[in-house]
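Presented below, as structure tokens, is a lone chain in the form predicted alone.
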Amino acid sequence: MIEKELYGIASLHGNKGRKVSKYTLSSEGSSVTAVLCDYGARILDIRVRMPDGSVRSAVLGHPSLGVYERAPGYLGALVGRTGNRTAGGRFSLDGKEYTLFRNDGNNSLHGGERGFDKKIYKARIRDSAEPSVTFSAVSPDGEEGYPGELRYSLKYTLCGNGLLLTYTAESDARTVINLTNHVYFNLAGGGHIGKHLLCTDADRYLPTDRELIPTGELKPVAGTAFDFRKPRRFSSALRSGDPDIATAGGLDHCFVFPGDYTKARRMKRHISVVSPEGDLTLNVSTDRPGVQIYSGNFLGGRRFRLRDGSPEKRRGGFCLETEAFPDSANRREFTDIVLEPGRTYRSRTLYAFVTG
């Protein structure tokens, strides 16, 4: 079942006066309810019905559209054309240099000044046993400095006790693309994330410089604070004193899944996170070669309010941004993120929840 209602009237980022709708996806056979909106093709909430009958919000969210428009944290949003950081706010393609908006020091972050998180999308609803909403838009040639007219979409499908994200895109010219979602999870419903248990099969990670740009090294996690191949609390890494974590101010690194990251993959479970009390587990499956694990190091800087009225707090949520590697536009030895005309970009990520 899908319920659609007015969420608010936009006022910023070139959207003034436009209506924004909210979509609530539920199913009789699912313990999960997903709440979405067409501003930023965004996840507003994921609610999980617990065995005792209570309902827990498993992700962070703001109380209104106006806060989402002003707050800088990308909560729940689709980010692109290239998620994560592009060094120097520039890249070259076919001998031509393209200049992007620098919104993260000297670098471009999550698509630039008015990235995909600030658009209002056309929504297509499919109300069925597995209800879905597909958000689609067109990014004109030259928008935020990127070449080619890009037609893209993000489809959310409520399937079982999970939310499946399916990304597609096509371009009329060679361009670069690395779409992801920036939802912040907190499986306890609030508080510091440190006691959450994280496990991933990632066997390497990308160290960064002081601007959080990958150095180019793919470093084995074995023997480091980044080794989560067996379940460990977030706090064990955050308090480790590891120099790479100290440089980033916490976890803000791309973890590399096993295998040949240069080849297409099938969707596979790569990440599990368990709540501090052990009563809720998030399993993440994806066909992407890596995930940016981010411990919410920059949350709370401007004290924006969350859905329950409490202030945003540093490390109050964590992100699992399934993706190609950061700065791949400048490092072709990393993942190939060039999209050719006539080809279709596709990727899938599933957030599945287990209670008890």
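Worth saying up front: this structure is predicted, and the values here are computed from it rather than measured. Numbers follow the displayed sequence, beginning with 1.
As for the form predicted in complex with a small molecule, it is not shown, yet the points below apply to it.
Going by heavy atoms within 4.5 Å, which of 152-160, 266-274, 180-188, 196-204 lines up against the small molecule in the model of the complex?
Looking at the partner contacts, the answer comes out as 180-188.
Since only the chain is shown here, I'm wondering whether residue 298 would be in contact with the small molecule in the model of the complex (any heavy atom pair within 4.5 Å).
Heavy-atom contact with the small molecule at 4.5 Å: present for residue 298.
Can any non-hydrogen atom of residue 252 be found within 4.5 angstroms of the small molecule in the model of the complex?
Residue 252: yes, in contact with the small molecule in the model of the complex.
Heavy atom to heavy atom, is residue 294 within 4.5 Å of the small molecule in the model of the complex?
Yes, residue 294 is a contact residue.
Spell out, yes or no, whether the shortest heavy atom distance between residue 119 and the small molecule in the model of the complex is within 4.5 Å.
No, residue 119 sits far enough from the small molecule in the model of the complex that none of its heavy atoms falls within 4.5 Å.
Using heavy atoms only and a 4.5 Å cut-off, determine which of 212, 280, 225, 164 is in contact with the small molecule in the model of the complex.
By the 4.5 Å heavy-atom cutoff, the listed residue in contact is 212.
Out of 74, 135, 146, 91, which one falls within 4.5 Å of the small molecule in the model of the complex, going by heavy atoms?
When the small molecule is considered in the model of the complex, the option within 4.5 Å is 74.
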